[in-house]
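Read the single chain below, which is given as structure tokens and is the form predicted on its own.
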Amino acid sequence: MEEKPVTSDRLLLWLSAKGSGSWPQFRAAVERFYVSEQASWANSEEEAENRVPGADLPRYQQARMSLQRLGHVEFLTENRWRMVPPVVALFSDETTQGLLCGARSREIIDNLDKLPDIEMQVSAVWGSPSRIVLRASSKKVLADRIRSLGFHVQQAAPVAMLSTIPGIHDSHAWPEFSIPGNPGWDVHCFSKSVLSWKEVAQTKVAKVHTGLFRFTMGYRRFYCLRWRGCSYEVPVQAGKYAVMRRKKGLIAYNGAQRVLSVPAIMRPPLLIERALVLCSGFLPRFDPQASRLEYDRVPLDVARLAAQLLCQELR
């Protein structure tokens, strides 16, 4: 008998009922409801950082990253989260099907299932909430039926999202940062040539014109981007692409299979990755032989937009 995938539907239902809350409340809910697939390697940034398949992040971090990428939950600060209102994200401009994102309840699912002229497909996915796809005979019918319930419909969601995201070299949103002067920090520099972290002296950071540095001390960790002689604090994945020159093959695209892939350590920044995930409703899978993350059902225009934002070329 085929084993039924264990989903995190109960977690999403609880979060939807709560609406918003604190980080301790989220962690407690994860401990109570969340079940992740064993060896969920592709969901862990630390695993990609260290290239160690068994080095999983804590379950609450896996849950946070998965729910963010799927467009269900937003984490406003380190201490707060809120549910995204129910929205149906259409896969492309020509499609007649869309993915349910955001808050859900049994009542919402029942109401969607009862809509006339709408086919609802629910697929269990390991370690994630069930994937709910809605189909109709035309885009207009789909949008009209969904809006009749008061839900928002996002046309061509991946392209719409990528069209509003600034390029990776846009420094306007980067907060300035003061490099720590006190000793005791472990400092590593991200190597663009070998895609790994190398230990450096703390005193070297301020002398570098452009580079990405990781500072750690105990449980504290932050990333400092040196950009044109100035220092900024940035998310790690954004910093990696900011310092990365155009590198052949970094972003690969298989047009026949519509699969976009990147090295595991070069996972795209959150919003760009969310757009890639919304092309299919599936989180990326990990190819252990190539050590790459693969995103399914990515149209060519989405792949090109993502590569352009990351200042890379498609292979």
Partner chain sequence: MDFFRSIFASIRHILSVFWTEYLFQKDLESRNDRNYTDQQHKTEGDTSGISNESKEPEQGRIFDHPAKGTDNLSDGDQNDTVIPVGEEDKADSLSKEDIICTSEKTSTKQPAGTEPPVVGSGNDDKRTDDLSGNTEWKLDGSSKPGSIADEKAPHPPRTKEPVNNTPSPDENADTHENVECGRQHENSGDEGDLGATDGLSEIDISGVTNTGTDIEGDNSSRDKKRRPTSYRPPTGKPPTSPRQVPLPIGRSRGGDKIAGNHTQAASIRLRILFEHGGYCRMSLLPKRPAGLPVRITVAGPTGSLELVAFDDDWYQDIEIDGFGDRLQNGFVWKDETTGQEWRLSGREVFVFGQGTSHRGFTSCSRLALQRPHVVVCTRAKLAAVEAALREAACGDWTQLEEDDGLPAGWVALKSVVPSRPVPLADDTDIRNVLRPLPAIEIALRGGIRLDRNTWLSGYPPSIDVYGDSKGAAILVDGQQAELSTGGGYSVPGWDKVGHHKVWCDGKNSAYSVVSRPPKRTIWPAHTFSSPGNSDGCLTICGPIVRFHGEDVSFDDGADWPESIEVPSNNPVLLGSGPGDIYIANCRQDVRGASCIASPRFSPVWALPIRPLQCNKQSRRILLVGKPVEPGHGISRDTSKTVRGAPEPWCRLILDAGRKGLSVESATPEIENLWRRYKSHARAIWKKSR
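Fair warning: this is a prediction, and the values are worked out from it, not measured in the lab. Positions refer to the first chain, counted from 1.
Missing here is the form predicted together with its partner chain; even so, the following discussion is about that form.
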Counting heavy atoms only and using a 4.5 Å cut-off, do W14, F33 and R104 all touch its partner chain in the predicted bound form? yes
Does any part of P86 reach within 4.5 Å of its partner chain in the predicted bound form? Heavy atoms only, please. yes
Taking the shortest heavy atom distance, is L278 within 4.5 Å of its partner chain in the predicted bound form? yes
Considering non-hydrogen atoms and a 4.5 Å limit, does its partner chain approach K192 in the predicted bound form? no
Taking the shortest heavy atom distance, is L112 within 4.5 Å of its partner chain in the predicted bound form? no
Partner-facing stretch of 178 to 186, 237 to 245, 96 to 104, 115 to 123, counted where any non-hydrogen atom is within 4.5 angstroms of its partner chain in the predicted bound form: 96 to 104
Could you check which residue among V205, A136, I132, V159 gets a heavy atom within 4.5 Å of its partner chain in the predicted bound form? V159
Note that its partner chain is not shown here; using its position in the predicted bound form, name the residues of 151 to 184 with a heavy atom within 4.5 Å of it, in sequence order. F151, H152, V153, Q154, Q155, A156, A157, V159, A160, M161, L162, S163, T164, I165, P166, G167
